Structures are given as C-alpha cells and as structure tokens.
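One chain follows as structure tokens, the form predicted alone.
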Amino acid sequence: MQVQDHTAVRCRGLSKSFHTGDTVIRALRGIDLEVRAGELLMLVGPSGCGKTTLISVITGILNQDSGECRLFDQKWSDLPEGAKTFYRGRHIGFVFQAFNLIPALSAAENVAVPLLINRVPRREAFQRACAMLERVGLGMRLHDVPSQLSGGQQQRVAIARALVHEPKLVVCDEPTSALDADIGRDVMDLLRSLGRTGGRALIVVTHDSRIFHYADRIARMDDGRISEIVDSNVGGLGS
C-alpha cells in the first residue's frame, strides 16, 4: 500500500545569489526545509536574513540557483514560466502586510479576483466571495471599498481573498505588524481556524513575537540559513 506524503513544501539545498555591480549577495545558503500539510509554520529572523527570498522561491516567483523546491510534490523547475503562473494562481494564496487591496473595488470584488483569474464564472465568483466574507465576519461590508474599512477589516478582506479559491498553501508576509495587539490576535485566530482546513499549509513570515504562540513550528533564519526549527510544544518561542 502506498504511503501518503503529508509534506506540503520540500526544499533541499536551496541557494540564491543576487549581483549588484561587483557585489554578490548570497541570500540563501543551502536551505533545507519541509512544511507539513495542515500546519502553521512561522519564518522568523532579522531583516535581510533571506526570509523574503525564501518564500519567493517556495512560491515560484524566483528561481533558485541550485537545489530543489517542491510544492505538493510538484517541482517548480519542471514547469515553464506560464505554467508556474497558472499553478501559483490555483494553489497558493497570499496575505500581505499592506493588504494590497484594489482601492476602486468593493470588498466582494477584491475577494472575487482570484476566482475570476482562475476563470470561475462571474456570478459564481461573486457568490463565493460573499460567502467567504461572511465567514470572516464582514457580511455587512460586502459593497464597501477599502477606504471605508478599518485596518483590521481590510486584513480580513485580504484573508478572504487568499482563501476563496481554496489554495493548498497560504503565505502571509507580516500579516499583523500594521495592526494593534487585539486586532492582530483576531487575524491570527482567523488564519488558524480557516487557513489550515483541509490539509492546507500556512507559512507566516513575521517579526511579531506577540503571535509566535500561534505557530505549530518556528523556523529561525540567519544569514541565508535555517539556524533552528522549534516545535511549539517544547517551548522556546519567545523573542
């Protein structure tokens, strides 16, 4: 009997460098990392340590110089660029620090965007967008544009947008750093309760030590390497 692989992301020996004039910046130095289906993994470390580069490789936005990265057993290097865009749009959801909502669109229209990109019929897309906004507690704000919403409400819209197409992986870049403590906890509660359903994996990049306890595991980065991975049930999650 075949054993099911419960690994969402598998990185082996990832290296990535950038050239600025005569200077070579080694952003990733042989990264090995696995993210399990159904877990919330936090990626932490000082600015410039390679976190953004790593999630860009994991999501197929950047190509590594060497090593291998697989998302649900699909090797990114086996896909042509056009197929990468399609695969990313179908299987990955993104939540950003700055929300990245389209100012002229209503909450429902913003949430519907990933579905429309994936060629879901317009009527169905808006029905699913409205249902997802109900799930994040914004059923009464469907037609409001981002400027009519608070920061916490905008982040809820962003979470709804990230989840509406039922991706296998959700990547969150500093999702609470622009929010106060109470709203940040609400956002993390939503991500944990909605984000990990159905074996979905979450990667949260953060400097916010207030939310470390939400992680199943924390991967600490330093100078382009993973320095340690800490399980939440054995302590060591402080700043």
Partner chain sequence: MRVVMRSISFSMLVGEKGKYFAMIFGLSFSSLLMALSAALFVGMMTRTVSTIRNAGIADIWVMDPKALFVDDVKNIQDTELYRVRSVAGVKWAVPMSYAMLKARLSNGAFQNSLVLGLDDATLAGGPPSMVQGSLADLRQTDAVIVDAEGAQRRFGITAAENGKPRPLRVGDSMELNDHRAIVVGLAKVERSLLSQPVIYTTYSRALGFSPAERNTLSYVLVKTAPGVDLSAVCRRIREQTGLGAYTRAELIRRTLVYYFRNTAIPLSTGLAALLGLIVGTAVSGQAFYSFTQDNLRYFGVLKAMGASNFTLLLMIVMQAAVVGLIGYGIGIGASALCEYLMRNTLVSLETTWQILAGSAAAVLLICAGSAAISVRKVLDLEPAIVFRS
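Residue numbers count along the first chain shown, from 1. Since the model is a prediction, treat every value here as computed from it, not as a measurement.
The form predicted together with the partner chain exists for this protein as well; it is not shown, and the discussion that follows is about that form.
Colleague: Is Arg88 close enough to the partner chain in the predicted bound form to count, meaning some heavy atom within 4.5 Å?
Modeller: So Arg88 counts as contacting the partner chain.
Colleague: Is Phe72 near the partner chain? Define near as a heavy atom within 4.5 Å, in the predicted bound form.
Modeller: Output for Phe72 is no: heavy atoms all beyond 4.5 Å of the partner chain.
Colleague: Would you classify Arg161 as touching the partner chain in the predicted bound form, given a 4.5 Å non-hydrogen atom cut-off?
Modeller: Arg161: contacts the partner chain in the predicted bound form.
Colleague: Against the partner chain in the predicted bound form, would Gln153 count as a contact residue? Criterion: heavy atoms within 4.5 Å.
Modeller: Although the partner chain is absent here, Gln153 would stay clear of it in the predicted bound form, with no heavy atoms inside 4.5 Å.
Colleague: State the residue from Leu149, Leu142, Leu169, Val113 whose non-hydrogen atoms include one within 4.5 Å of the partner chain in the predicted bound form.
Modeller: Of the listed residues, the single hit is Val113.
Colleague: State the residue from Leu33, Ile211, Val44, Leu62 whose non-hydrogen atoms include one within 4.5 Å of the partner chain in the predicted bound form.
Modeller: For this set of options, the contacting one is Leu62.
Colleague: Of these, 50-58, 196-204, 181-189, 25-33, which stretch puts a heavy atom within 4.5 angstroms of the partner chain in the predicted bound form?
Modeller: So the stretch in question is 50-58.
Colleague: For the stretch 78-112, which residues lie within 4.5 Å of the partner chain in the predicted bound form by non-hydrogen atom distance?
Modeller: If the 4.5 Å heavy-atom criterion is applied to the partner chain in the predicted bound form, 78-112 yields Thr85, Arg88, Gly89, Phe94, Phe96, Gln97, Ala98, Asn100, Leu101, Ile102, Pro103, Ala104, Leu105, Glu109.
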